[in-house]
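Below you'll find only one chain, the form predicted alone, shown as structure tokens.
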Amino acid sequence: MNVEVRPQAAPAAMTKMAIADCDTHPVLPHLSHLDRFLPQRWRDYIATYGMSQRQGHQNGVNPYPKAQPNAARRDSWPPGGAPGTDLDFMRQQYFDPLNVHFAVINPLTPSGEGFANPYLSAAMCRATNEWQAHDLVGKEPRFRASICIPYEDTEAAVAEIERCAGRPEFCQVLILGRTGEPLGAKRYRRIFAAAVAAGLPVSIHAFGYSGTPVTPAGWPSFYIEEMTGHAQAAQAQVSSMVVEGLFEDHPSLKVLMVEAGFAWLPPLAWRLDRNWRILKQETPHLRLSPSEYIHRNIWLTTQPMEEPEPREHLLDTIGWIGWDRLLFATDYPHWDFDDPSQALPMHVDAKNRERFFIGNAREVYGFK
């Protein structure tokens, strides 16, 4: 929300309430930091052939130019490094002044997720997970890691979940939101079953490259279209998971939709309910209405916060979703970072404010 650079807030203006930030993006200082966890075979492969994403564009990992270098805040660059690479800098700019008690790591690139080579994808996911555990959580206990998985390879993805399950460094399974098929498809069912068996939520984060356009009408022309399309992808994933019976098969599954906003959820649920009432015979496996599965199994992070005028309309939207379904996120160190001191400018009672900033995350993740 604060795209422009703002002066550092005075201590009296700092956030006093403890927060759990459910979407942060630390970055590898250099690819060589994975060497300890990556077999020589794959280090040689990357040096020779590179790392190809499943995408239609040919100009690298990010086919659309970002609004800022590294998609980062201008003030988030530490001396001599890139945003998200310097733990001491993050403590000074982020952890301490914002009173962050828990910060969930969502690695983006090069995490290994969605790579064209499935074997490299599995190796990179494993290396990324060990990097998180050793170099981030091991050095900054306020971090919590995500289990990156090669989600287009069900067997390898399940194996990685089972390998990391039970380790205190990890709090969730991470999937990027643009997958080869919608996530309700049978090919992904064992991945969700493994997450349930491990007692872990599944986080579906914006981005990823499936090899197909982000829109049903083809490839967009501009970054603003691609970024806005995160909400479209999230709606498609929620519809698929609900209608194909994922939540009927796994009633205890917790799914988080991350970095796609949340105001789209009520109208999606209303439309699904209306169509389901008319077309019930097509989906006899659904014992509940779509909105009931959504209320039971779906959580959302707040970034990017919708900002209607008047702002009070946002309270109506949250009222339908439920104050117990939203988890606060900043997206640090990215340029569309949401400042916790300004994320809720409307009057919100103390109970819901506490839920919003940390209580819901404690419940969903089991943070102590």
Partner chain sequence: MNVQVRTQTAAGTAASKLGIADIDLHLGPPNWEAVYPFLAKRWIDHIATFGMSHRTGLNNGGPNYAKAQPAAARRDAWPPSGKPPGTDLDFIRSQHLDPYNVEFGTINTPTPSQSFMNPGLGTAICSALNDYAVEFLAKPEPRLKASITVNYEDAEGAVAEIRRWAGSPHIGHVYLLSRTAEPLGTPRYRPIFRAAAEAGIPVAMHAFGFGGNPNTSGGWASFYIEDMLAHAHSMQSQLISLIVEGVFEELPNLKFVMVEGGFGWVPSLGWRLDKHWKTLRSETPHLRMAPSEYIKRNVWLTTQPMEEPGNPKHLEDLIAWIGLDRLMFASDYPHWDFDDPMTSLPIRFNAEDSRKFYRGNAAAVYGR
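In this text the structure is predicted, and so the values were computed from the model without any measurement. Numbering follows the first chain given and starts at 1.
This protein has a second form, the form predicted in complex with the partner chain, left out of what is shown; the following refers to that one.
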*Name the stretch: of 290-298, 135-143, 116-124, 69-77, exactly one has residues whose heavy atoms fall within 4.5 Å of the partner chain in the model of the complex.*
116-124
*Heavy atoms within 4.5 Å of the partner chain in the model of the complex: does residue 163 have any?*
no
*Determine whether any heavy atom of residue 285 comes within 4.5 Å of a heavy atom of the partner chain in the model of the complex, and answer yes or no.*
yes
*Would residue 169 count as touching the partner chain in the model of the complex under a 4.5 Å heavy atom rule?*
no
*asked:* If we define contact as a non-hydrogen atom of the residue within 4.5 angstroms of the partner, is residue 181 a contact of the partner chain in the model of the complex?
replied: yes
*asked:* Under a 4.5 angstroms heavy atom criterion, identify the one residue in 45, 37, 64, 323 near the partner chain in the model of the complex.
replied: 45
_Just to make sure I understand: among 150-186, which residues lie within 4.5 Å of the partner chain in the model of the complex, judging by heavy atoms?_
153, 155, 181, 186
